[in-house]
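What follows is a single chain, given as structure tokens, in the form predicted on its own.
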Amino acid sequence: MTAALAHRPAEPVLAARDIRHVYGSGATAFEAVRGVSFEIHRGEVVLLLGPSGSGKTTLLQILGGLLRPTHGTLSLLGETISGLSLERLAALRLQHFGFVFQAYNLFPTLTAAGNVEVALDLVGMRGRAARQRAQQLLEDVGLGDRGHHYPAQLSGGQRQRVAIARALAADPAVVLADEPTAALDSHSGANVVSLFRRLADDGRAIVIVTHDSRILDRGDRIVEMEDGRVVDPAHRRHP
């Protein structure tokens, strides 16, 4: 157990209660998430596991306010957010959440620094302040000397670190990552996971959806899903 976990506050940063989500309606309805309760605290790296179709990506989208649950409540820092207006929910996402994806989602025509500055622009930081902040964020992820490089000039691991720097633009309390190491070699993947570990040690809550068996020993907790439900730890099947 990390020092951060040993001293974590009682109140979770993010708490989901009896979350359900149904796609479609009538005869074609499909319940992707079935009564999941989940919470995460500052300083914690949670690995969310499960086969394709188990509901883990749908749950991650609900946790990040990208998708409304059909039933249940989601709370951020003690405030229920699942029933907020789309406008208010979007503002909360910008302020409190960072998102990292397998495909990086970088703009190919912008430099590494430019990609980070786009995210800073969304939170109202522009000009010299944005350039300085982007440089600092790139230094924080070990890419201080790559700010003028375009995505095509970077390795996969470096692109993912740029994506993480971008996700940190608003200094979020929660970072949600969907298969961030799937396209990386073992060395690059280990570097990215070490970066997530450092972000958690700095007080953030990290949730990583993964199929990558190489990183299972790097999380504080494993939550495994199957058929839309969380599997009881006593019956968990490790890859």
Partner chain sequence: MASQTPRPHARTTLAGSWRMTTLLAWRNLAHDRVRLVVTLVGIVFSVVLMGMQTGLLVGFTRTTAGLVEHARADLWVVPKGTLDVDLGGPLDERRRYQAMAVPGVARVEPYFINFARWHKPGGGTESIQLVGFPIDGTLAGPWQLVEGQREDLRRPDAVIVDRLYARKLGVERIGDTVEINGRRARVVGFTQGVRTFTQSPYVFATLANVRHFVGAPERTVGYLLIALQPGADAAQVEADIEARIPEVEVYQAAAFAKSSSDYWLYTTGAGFSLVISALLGLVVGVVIVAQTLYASTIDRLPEYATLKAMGAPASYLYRIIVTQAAIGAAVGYGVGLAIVEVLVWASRNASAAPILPPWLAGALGLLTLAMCIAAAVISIRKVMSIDPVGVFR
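Source: prediction; values computed, not measured. Positions refer to the first chain, counted from 1.
Beyond the structure shown, there is the form predicted together with its partner chain, which is absent from this document and is the topic of what follows.
Novice: Report the residue, out of 184, 32, 60, 173, that has at least one non-hydrogen atom within 4.5 angstroms of its partner chain in the predicted bound form.
Specialist: Exactly one residue meets the criterion: 60.
Novice: Is residue 39 close to its partner chain in the predicted bound form, meaning a heavy atom pair under 4.5 Å apart or at it?
Specialist: Contact check for residue 39: no, nothing within 4.5 Å of its partner chain in the predicted bound form.
Novice: Classify residue 161 as contacting or not contacting its partner chain in the predicted bound form by the rule of any non-hydrogen atom within 4.5 angstroms, answering yes or no.
Specialist: No, residue 161 sits far enough from its partner chain in the predicted bound form that none of its heavy atoms falls within 4.5 Å.
Novice: With the partner left out of view, is residue 109 within 4.5 angstroms of its partner chain in the predicted bound form by any non-hydrogen atom?
Specialist: Contact with its partner chain, yes.
Novice: Does its partner chain get within 4.5 angstroms of any non-hydrogen atom of residue 80 in the predicted bound form?
Specialist: It does not: once its partner chain is placed as it appears in the predicted bound form, residue 80 has no heavy atom within 4.5 Å of it.
Novice: Want to guess which of 210-218, 24-32, 193-201, 41-49 is within 4.5 Å of its partner chain in the predicted bound form, heavy atoms only?
Specialist: Residues of 193-201 come within 4.5 Å of the partner.
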